[in-house]
Ligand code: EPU
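Quick heads-up: it's one chain on its own, the form predicted on its own, in structure tokens.
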Amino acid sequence: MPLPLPDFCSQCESTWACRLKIHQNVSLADKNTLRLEARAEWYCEVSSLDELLEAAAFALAHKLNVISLGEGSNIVLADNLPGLVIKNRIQGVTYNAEVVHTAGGENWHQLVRSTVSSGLFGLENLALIPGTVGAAPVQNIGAYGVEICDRFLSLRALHLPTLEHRSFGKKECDFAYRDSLFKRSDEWMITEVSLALSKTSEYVTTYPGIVSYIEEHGLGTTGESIFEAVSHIRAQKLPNPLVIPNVGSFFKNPVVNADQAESIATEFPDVVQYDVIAGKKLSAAWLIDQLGLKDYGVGQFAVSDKHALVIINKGNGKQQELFELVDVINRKVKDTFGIELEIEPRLYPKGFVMSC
């Protein structure tokens, strides 16, 4: 049922410019890639900054919390969502020499494909990551030795409580491993991202799989060949969320100090680990795989048999089944390796405690 809009907005002290289609009690099952059933108290889609401003002003007038939604590829809907869910469909890509300015509602993989096709490089290692451009800085997405912050210039975001539209530089975004200011606060909705690319990029080929693919196919090391290699590797290793519901990597790779890493390596010599500033980053997939949990399931949820870091929904899986599976994984990893895994996707509603 559409929510009636008032003729006058007490927040912006003006009449409403147009009539948004804001609906009540909307299912989000087809709007998150885990295909979890949850309902939005109120829901709308915006295709322009003007529509976003109106939706945000509407939420203010009705004292509704706002949750921004892209393609739903990095969220876990633990329950119904109170307030107004705004789906970002704002489109537009412009190039200025070696800088690309992209609207938040654009598809991330299509952007990467477009930049590579245009002879601009730097994003090729991030190919085939699902989701929107606006969601990419939130998570500081990364793969195969590259994170979005490596190519980041600035972004613009709307402050939902005040309707202030402002720019953020790299330092202000407070990027960290799979983290940023915007992941820790739902008060901002990213409308545009600007990235610095290069026609003569120093390609990142630190992952053996990329080098092997390029050599096996007789390709030179170029942005195009890395894009092709990464797309192939991800398609082979990770289930397509459009076919098999999942959110990609469900757990972060844990970072441990040098002493803990040495202790684990002594007991498990084959442990996969990488040097990082804080110590050692361990492969969460390796930890889970060592416990024999590939294809292990609870109800309709299971660890993917293709990649131990991915949890899939085999059918009409329920939240409780997912929570129980996550609890089993966490307990086994903790008991065996002394490590507490942290989930990577964002959990909604905010403040919900995942428990079985």
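Fair warning: this is a prediction, and the values are worked out from it, not measured in the lab. Each residue number is its position in the shown sequence, starting from 1.
The form predicted in complex with this ligand exists for this protein as well; it is not shown, and the discussion that follows is about that form.
Novice: Among Gly248, Asn253 and Trp286, does every residue place a heavy atom within 4.5 Å of this ligand in the predicted bound form?
Specialist: Yes, because Gly248, Asn253 and Trp286 each have a heavy atom that approaches this ligand to within 4.5 Å in the predicted bound form.
Novice: So which of Lys306, Arg35, Lys318, Arg39 gets a non-hydrogen atom within 4.5 Å of this ligand in the predicted bound form?
Specialist: Here the answer is residue option Lys306.
Novice: Taking 4.5 Å between heavy atoms as the contact cutoff, choose which of Trp188, Phe175, Tyr213, Tyr144 touches this ligand in the predicted bound form.
Specialist: None of the other options qualify; the answer is Tyr144.
Novice: Ala235 near this ligand in the predicted bound form, any heavy atom under 4.5 Å?
Specialist: Contact with this ligand, no.
Novice: Does Val272 make contact with this ligand in the predicted bound form, using a 4.5 Å heavy atom cut-off?
Specialist: Although this ligand is absent here, Val272 would touch it in the predicted bound form, with heavy atoms inside 4.5 Å.
Novice: Is Lys31 close enough to touch this ligand in the predicted bound form, meaning at least one heavy atom pair within 4.5 Å?
Specialist: Lys31 lies outside the contact set for this ligand.
Novice: According to a 4.5 angstroms non-hydrogen atom cut-off, is Tyr203 in contact with this ligand in the predicted bound form?
Specialist: Result no; Tyr203 lies far from this ligand in the predicted bound form.
Novice: Based on heavy atom distances of at most 4.5 Å to this ligand in the predicted bound form, which listed stretch, 75 to 83, 177 to 185, 158 to 166, 112 to 120, is the contact stretch?
Specialist: In short, 177 to 185.
Novice: Would you give me the residues of 202 to 219 that have any heavy atom within 4.5 Å of this ligand in the predicted bound form, in order from first to last?
Specialist: Result: Tyr207 alone.
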